[in-house]
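The chain that follows stands alone, in the form predicted alone, written as structure tokens.
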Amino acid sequence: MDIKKTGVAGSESKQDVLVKVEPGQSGLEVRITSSLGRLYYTQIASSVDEIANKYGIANAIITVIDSGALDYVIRARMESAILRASQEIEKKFYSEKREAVYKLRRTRLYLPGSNPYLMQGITYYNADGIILDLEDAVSLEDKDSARMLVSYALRNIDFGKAEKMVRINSLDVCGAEDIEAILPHKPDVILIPKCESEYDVKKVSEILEKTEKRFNLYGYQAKIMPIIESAKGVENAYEIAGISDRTTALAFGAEDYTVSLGVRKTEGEDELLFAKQSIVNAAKAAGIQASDTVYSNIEDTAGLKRSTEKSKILGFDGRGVIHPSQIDIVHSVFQPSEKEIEEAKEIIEVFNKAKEDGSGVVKHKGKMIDMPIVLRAMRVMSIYKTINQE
């Protein structure tokens, strides 16, 4: 094993040992200092050599400052220092997925795929995603015409920084025909309505793959956002989220969900809590985003804000909107507050300082800081930076 940088483990606290492993020029140089003098020098040296040989360390400088540690402590600190010096710990905790730039999906605005007038404002709406809807917003007799209009819109309209999204029809209606018409024009995300099982996602994925090959769309892969709108879909949320690597988020559709339950949608949304928590948990377990349902009362801006604040608390990354007037309100909720940003900066700074000092104990304002808290802070900063860049 190569020693690529300095790795430190342990401390100079009582009954502990501080071990530092650094790159060396030639051979193994061991420097040992013990609070017990020369009494246990030989035993410490033997343990250090044994662990170094275990990992095949040939060139390194190893410094050991012992404060009365037992042998198992010395061996544990030695191994930790070596692993840190070889960067294996960093690879384990800082995967490429966690370092990825956060994708803003605070809002996805639905526009009827049959209405060219509304499409003309796409550049000015400022939504993170624009959904050209071929499903509920289009009557059955107009679906062929809407499909053609959407395919031309994808080619000719500037979407700015917004993701180009299309909600197709279910496959048992005309979803395959929708894919055939729009995919050559490379929408970013395909929304699957009324998704109830992994089969729905699998079938759409197969059609997408075949269509991409048929049109020679090399280097392009459409993403999928299943919309869960029924009790069955909620029960199968995790399978739906994890069956395809195309799936980038789960969305929730509350109107059809309440119908499947046989209940009315209320202002307090108590009847939606189980479904929302299930969808968020399934999405995050699969490593993707979760997007909440639309808020249908366009006039009730206060209600929209309250509902969106609950969405954020539950773990949603954004929500659907049905009118441009709702966009700024939703963005204001999902925008990290000044307090959240300042706290995140402090946590990351304290964590990085502890890493430099080789300390495994991180404190911030009297509280212990562990990895989940650090990752949450990193996510806040990633959202903040992405918003500022855009």
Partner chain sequence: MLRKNAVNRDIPDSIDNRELHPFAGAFNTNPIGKRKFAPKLSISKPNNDKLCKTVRDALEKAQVRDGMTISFHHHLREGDAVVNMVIEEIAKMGIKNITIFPTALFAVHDKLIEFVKSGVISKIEGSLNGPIGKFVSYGNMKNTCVLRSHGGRVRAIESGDMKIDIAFIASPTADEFGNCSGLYGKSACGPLAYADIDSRYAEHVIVITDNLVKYPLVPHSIPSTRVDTVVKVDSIGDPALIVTGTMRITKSPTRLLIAKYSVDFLDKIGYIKNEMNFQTGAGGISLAVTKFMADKMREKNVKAKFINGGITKYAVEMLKEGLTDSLIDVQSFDLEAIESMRSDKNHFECTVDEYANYFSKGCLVDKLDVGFLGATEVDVNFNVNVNTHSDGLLLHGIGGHQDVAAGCDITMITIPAYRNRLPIIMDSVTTVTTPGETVDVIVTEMGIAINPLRTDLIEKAKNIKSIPIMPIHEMKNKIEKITGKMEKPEKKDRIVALIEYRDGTIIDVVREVAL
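By rigid core we mean the largest C-alpha set that fits within 1.5 Å across both forms. Given the structure is predicted, the values throughout are model-derived calculations rather than measurements. Residue numbers count along the first chain shown, from 1.
Omitted from view is the form predicted together with its partner chain, to which the following refers.
Proximity to its partner chain in the predicted complex, taken as heavy atoms within 4.5 Å, picks out 324-332 from the listed stretches 23-31, 324-332, 342-350, 52-60. Using a 4.5 angstroms limit between non-hydrogen atoms, residue 130 is distant from its partner chain in the predicted complex.
When contacts are judged by a 4.5 Å heavy atom cut-off, residue 268 does not count as touching its partner chain in the predicted complex. Its partner chain is not drawn, but in the predicted complex it has no heavy atom within 4.5 Å of residue 365. In the predicted complex, its partner chain stays beyond 4.5 Å of every heavy atom belonging to residue 300. Only one of the listed residues (221, 120, 145, 115) places a non-hydrogen atom within 4.5 angstroms of its partner chain in the predicted complex, and that residue is 120. In this stretch, 154-185, not one residue has a heavy atom within 4.5 Å of its partner chain in the predicted complex; the partner itself is omitted from this view. After superposing the rigid core, the C-alpha of residue 332 moves by less than 2 Å between the shown form and the other one.
When the rigid core is held fixed, the Cα atom of residue 322 travels less than 2 angstroms between the shown form and the other one. For residue 117, the Cα coordinates differ by under 2 angstroms between the shown form and the other one after the core has been superposed.
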